[in-house]
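Just one chain follows, in the form predicted alone, and it is written as structure tokens.
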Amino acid sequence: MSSMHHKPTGGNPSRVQFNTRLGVIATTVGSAVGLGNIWRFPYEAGMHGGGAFMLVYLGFIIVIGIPVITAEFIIGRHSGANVYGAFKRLHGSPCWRVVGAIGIVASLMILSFYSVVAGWTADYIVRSVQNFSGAYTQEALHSQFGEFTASWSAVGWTVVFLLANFWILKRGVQKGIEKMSNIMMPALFVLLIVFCINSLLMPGAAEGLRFLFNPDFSKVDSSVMLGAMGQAFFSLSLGLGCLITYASYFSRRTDLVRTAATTASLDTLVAVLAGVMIFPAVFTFSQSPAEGPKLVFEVLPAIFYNMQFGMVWSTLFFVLLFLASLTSTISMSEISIAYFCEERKMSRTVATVLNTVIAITFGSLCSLSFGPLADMTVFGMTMFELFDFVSSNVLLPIGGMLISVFVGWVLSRSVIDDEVGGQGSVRRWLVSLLVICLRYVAPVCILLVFLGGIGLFD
């Protein structure tokens, strides 16, 4: 272990690196920003009473989010390897490689069902341009959405989305992932801000903002705490190894703690902006903010239709969702692609093809579970529900807990000192705080998310 510590690069000097600081931020924020922020955060906030949920969520971003992101960065950059290879390099015992294996399996499962929802957003871009072919009431939109998700064309859109994902990944780390993230992330922020300005001009803006920013602490109970903790954890894509993989492409100049804080802040900003974009519209058209997942595909299109230039807004909104999905699936795919290239010695093209074939196969099964395969269940869950449940509620929390424990308890303190960087007392203070969070706070919080996720608190 100590011999590694003296290598000036800490990781793998011959490894490809991101070119620019913008590239580092755009890719890591892109990895975190996805449907979790724009689709899941508003409905979680809506179901848990708005403002109070948001404050609790911000607290968990600080005590779990930033420390666990930093832990993944330390593992990734110090090893200079894929998520499986990283644990192999940093620890002699094969037991820890399980964390890498969990990340690879979870990422392929999430990629499979996530691409189904991403495919829906692609279809809805086309529908928006056609102005939803006459379905303007929520009932009509509801039945249209039901018919579409149960159809074979939904499978087609899943494949289209995965081919877009493939096209970017095949081009490699700098020309594909970094270059596209540098275009997609600024575009995503611009779209979000345009939407927020439009929402703030609506009659229900004050009510929507009050719901989002005026905390009613009487609403805070264990379900709000768990919901906020889970949202903080999932929103940042922790426990998967995305950030371990991306950090293995960081140069020594990258400040890990600052990059972790920036990633968490921008990710949170996107979630808050999504709330600012959605809630004023929801209150203006007197809808319920607690609509759950269908908020995006049924409630919002009905709202867009009643707005001036509704077709334009609707199209832009689904483009926004599509971009957010793509930045996330790129990072999820890179986990297994880096593993196939480094541990299984495949070429990048072969590894990317294999990743895409696996995702298309399982993604099609997940998509069909809304229609032809609706009766095919495992433990009472359809394929889509099973993939979502196992990856989100079991594998991710276990991965996140083990990553925290590994850096907090197992990894040599000199490695953490070396990677956190900085000078003198500030660094010692930072490292101590980080280690306390990773040893005691994060594992306990993530354990609660896990127990809540498997239904122990119901």
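Worth saying up front: this structure is predicted, and the values here are computed from it rather than measured. Rigid core (definition): largest C-alpha set, two forms, superposition within 1.5 Å. Note that residue numbering follows the sequence shown and begins at 1.
Beyond the structure shown, there is the form predicted together with a small molecule, which is absent from this document and is the topic of what follows.
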| property | result |
| --- | --- |
| Answer range among 33 to 41, 48 to 56, 398 to 406, 426 to 434 for contact with the small molecule, defined in the predicted complex as heavy atoms within 4.5 Å | 33 to 41 |
| Single option in Ser112, Ser181, Thr352, Ser237 placed near the small molecule in the predicted complex, where near means a heavy atom within 4.5 Å | Ser237 |
| Heavy atom within 4.5 Å of the small molecule in the predicted complex - residue from Cys366, Val296, Ala118, Cys242 | Cys242 |
| Proximity of Met383 to the small molecule in the predicted complex, heavy atoms at 4.5 Å | no |
| In the predicted complex, Met332 touching the small molecule (heavy atom, 4.5 Å) | yes |
| Ser328, heavy atom within 4.5 angstroms of the small molecule in the predicted complex | yes |
| Core-aligned C-alpha movement of Gly30 between this form and the one not shown reaching 2 Å | no |
| Yes/no, Pro42 Cα shift of 2 Å or more between this form and the one not shown with rigid core fixed | yes |
| Post core alignment: Ile104 C-alpha displaced by 2 Å or more between this form and the one not shown | no |
